[in-house]
Structures are given as structure tokens and as C-alpha cells.
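The form predicted alone is given below as one chain in C-alpha cells.
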């Protein structure tokens, strides 16, 4: 009598967890939808930079039929040793320091006064933000009419006060000051907005503790308000300095770099080299150097912010 044995059933692999499968599927779906837009953005940002880097080592010009000739670092040497570049750099530096410093002081002061009010904060903030919402071209044309030496509103107001009219845009010291004033009028609300966000984020219990200790208003501002808002204010200053460093539109509309070259910033000079002189290789070298300057200065600035945060 024979006996049959049943083979043991093989253990089957446990089914995958449904949650993990769903997560992997969602991730693949997200990558599928995001990849085209991400690749397009990378192509539009990285390719022009690499192409400009290549052209900066050549003598390429859009008006010549000859192919570009490799010149090595000659464009960079010519730029760094040019007295014209040194003069434009000093002009740009004077503009950046003057405009950003004035905007920081005014923006923080306006934000501090608005934060002290109990009513109408939203209305005041909206009114102060109006200049920042306008196009720089519109702002430039608006102020160009106001600064007109014969028919401008500014000189009309000076004449009503018994003062002599001022040539705001055609005299060497006045033209740069006018640029700083116009840029300050438009972009002070940016500093104000960030400073106001920092002021409203200061905990109230710190002021309550200071009130219990009968601390003066100056003590509260110096030891509570300003130290807590200072890091956020530095970030706003960094953004404004970068924007002011590459200023072009206001110079083009208001002064066109004049009188002479007294208001010709680096960005406007690059425009003249590229689109008036058609020296594309040299203009590309200008652009690469300006990008490097911004990157290096921003790196040092961010390190300072990091150290300030760790204290």
C-alpha cells in the first residue's frame, strides 16, 4: 500500500505595501510633469551664460562676416586695465552706496512709524507701495518731465520759493543725485515692506517686559527692535544692492549716461559696447565679470549673515 505525500506549499512573497507603491507612482508622475518645464528653465538660464562665457574669449562681432577668433584672456585684460572702466566702476559704486543707504534709512524709518500706528496700517502700506508697482520706464519718463529745467514741476516749486532753477539732468553733480532720488522714490517701499514684516514679527512680551522694567523708548529700540529686525534688513539691502549694481533703465530714460559720462554705469556701458559698438566678445566679458562680482560679494554677505545668526 503506497502512500502519497503532498509537497509543502512554497511561501509566496508578500505583496508590496500599497502606500509605498502609491508614493513611488506619485513621484514618477511628478517628475514626468515637472521635467519639461525644469529642462526649459535650465536651458534658458544656463545656455546663455555658457554661450556668453565662450564669446568672452573671442573677438566676435555681430557686424562681421568673419568667424570669431579666439583671443584668450585679452578681453578681460583690456577691461581690467581700462581707465574708462575704472571711472564707470566709481560711478556705479557711488550710485549704489548713495541709493541703497538712503533707501535703507528712509524705508526703515517709514516702517517704524507705520508699525507704531494702531489704525490705518493697511491703507498707509498700500499707498507707499504704489511707486514700486510702476514700471521703471514709466517712472523715468515721469521724473524726466518733473526735472525739466524750463517746464518741470520741481523748478516751478523752486521758483515759487524765490530760488533759481536747477539743471537737474544736464549738470554733472546734479544728474547723479537725480538718479539716486528717483531710484529712492521707487524702491524705498521695498525696504519698508521687509522692515515692516520684521517689526510686526517682534514678540510683544519683550516690550511688555521692558515696560515693567520702565525701560525708555530708546532702550527698547536699541536692545529689542533693531537687533531683531537687523538681519532681515540686511537681506533687503543685499537685494537692493544687486539691483542697483545692474541699473540700466533709469539711466537710459533720464540722462542717457550724460552729461558726458558722469552717470554712465557699468550696465549702461555694457549696453553701449554691445549694441552701439557691436563688440559682442568684449561685452560678454563685461557680463561675466559683473556676474562674478555679484556672486563673490553675495557670498561674503551671506557668510556675514550666517555668523550674525549664530551669535
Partner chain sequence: MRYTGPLGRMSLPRRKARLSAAAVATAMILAACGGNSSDNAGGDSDGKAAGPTAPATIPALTNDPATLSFIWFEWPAAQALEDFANAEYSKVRPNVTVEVNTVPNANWHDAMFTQFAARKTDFDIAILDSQHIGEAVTNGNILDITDFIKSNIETAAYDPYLLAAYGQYPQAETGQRDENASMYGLPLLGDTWTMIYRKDLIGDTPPATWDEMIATAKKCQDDNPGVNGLAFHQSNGSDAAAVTYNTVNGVYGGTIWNSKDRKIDGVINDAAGQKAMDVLVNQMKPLTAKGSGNWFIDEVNAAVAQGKACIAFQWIAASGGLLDPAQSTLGTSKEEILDKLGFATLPTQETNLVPLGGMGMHISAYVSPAQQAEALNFMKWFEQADVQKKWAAAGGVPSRTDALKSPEFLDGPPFNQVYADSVARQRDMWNVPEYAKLIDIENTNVNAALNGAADPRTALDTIAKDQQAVLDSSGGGL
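Numbering follows the first chain given and starts at 1. Everything numeric here is computed off the predicted structure, so don't read it as measured data.
Same protein, other form: the form predicted in complex with the partner chain, not shown, and the subject of what follows.
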> Are any of the heavy atoms in residue 164 no more than 4.5 Å from a heavy atom of the partner chain in the model of the complex?
Replying inline: yes
> in the model of the complex, does residue 47 have a heavy atom within 4.5 Å of the partner chain?
Replying inline: yes
> Is residue 247 close enough to touch the partner chain in the model of the complex, meaning at least one heavy atom pair within 4.5 Å?
Replying inline: no
>> I'd like to check something about residue 36: if you look in the model of the complex, is any of its heavy atoms closer than or equal to 4.5 Å to a heavy atom of the partner chain?
In response: no
>> Under a 4.5 angstroms heavy atom criterion, identify the one residue in 199, 96, 139, 169 near the partner chain in the model of the complex.
In response: 169
>> With the partner chain taken in the model of the complex, which residues across 245-262 come within 4.5 angstroms through any non-hydrogen atom?
In response: 252, 255, 256, 257, 258, 259, 260, 261, 262
